[in-house]
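Below sits a lone chain in structure tokens, taken as the form predicted alone.
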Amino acid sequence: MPLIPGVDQANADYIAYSSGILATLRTDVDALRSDLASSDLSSARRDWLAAQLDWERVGASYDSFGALGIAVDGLPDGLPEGVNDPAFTGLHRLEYGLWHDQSAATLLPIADRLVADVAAVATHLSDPDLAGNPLSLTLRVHEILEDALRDHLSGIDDEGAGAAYAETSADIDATRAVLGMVGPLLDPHLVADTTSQMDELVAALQDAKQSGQWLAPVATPLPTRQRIDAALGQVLETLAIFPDLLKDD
């Protein structure tokens, strides 16, 4: 099925955007590695969060970057040894160690591998099975926030940091970025409605902060959690029609 005009340029814009975010991620991963080399675990936790939010903003939802993305942000689910399995690597492996009192010396080799794995994603970013397929753009607009619901707000990918709301906020940033690239190709009323609903979700998330710091969901009052869930559900209902919008019937 042919694509509507302008899709290839929008996808090139997305690749350029993601490349820039990956450069920031590499800087923050380098900082995290330096923290571990200095045995500064407090700074490592701070720089881990910065790096994790960078990755969320790349928009690699639903394992859409394949094995290279899983190396950066995979989970221990299904691995024979769980969190202790050698195949469990990347940001969430570092999260587990940093919030479960593992030593800097234990985590440093994992950070070294993460540096290489992030570089591999950047090298192959425009491959068709990463970000190089224009058909994935509107699918990505939908799946970024669906991923937030499936993994973050459910707690599935929480390895100790309690960063679900911070990660969801970063996912909104990524969704806005991709929507900005494909928006000129879509019904402007649909784009406006989606943007308004994301604004409501952002407002709901602001109540999950205390003194400027994100709260873990378990520490967030129930009415705030319910408001966030409802706002996200509304956005996802609207985004559900997006995946096929770039196809020219």
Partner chain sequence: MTMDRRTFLKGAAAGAAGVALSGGIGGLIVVRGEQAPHATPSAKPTSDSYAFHGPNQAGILTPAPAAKQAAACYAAFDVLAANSTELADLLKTITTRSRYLASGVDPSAQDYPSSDTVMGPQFPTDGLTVTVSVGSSLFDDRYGLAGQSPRHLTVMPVFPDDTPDPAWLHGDLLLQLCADHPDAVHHALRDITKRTRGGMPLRWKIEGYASPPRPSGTPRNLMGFKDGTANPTGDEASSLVWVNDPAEPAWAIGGSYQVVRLIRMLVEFWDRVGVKEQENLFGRMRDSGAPLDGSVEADIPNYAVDPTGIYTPLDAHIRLANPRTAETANQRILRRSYNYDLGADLNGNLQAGHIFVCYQQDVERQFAKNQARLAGEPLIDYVQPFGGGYFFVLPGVRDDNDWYGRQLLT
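A quick note: this is a predicted structure, and the numbers were derived from the prediction, not measured. Numbering follows the first chain given and starts at 1.
There is another form of this protein, the form predicted together with the partner chain, and it is not shown here; the text below is about that form.
Judged by heavy atoms within 4.5 Å of the partner chain in the model of the complex, the contact stretch among the candidates 41-49, 214-222, 179-187, 27-35 is 214-222.
Although the partner is absent here, Arg150 lies within 4.5 Å of the partner chain in the model of the complex, judged by heavy atoms. Among residues of the shown chain, Ala240 is one whose heavy atoms approach the partner chain to within 4.5 Å in the model of the complex.
Of the heavy atoms in His142, some are within 4.5 Å of the partner chain in the model of the complex. Using a 4.5 Å cutoff between non-hydrogen atoms, Pro86 does not count as a contact of the partner chain in the model of the complex.
Taking the partner chain as positioned in the model of the complex, the only residue of 42-73 that brings a heavy atom within 4.5 Å of it is Tyr62.
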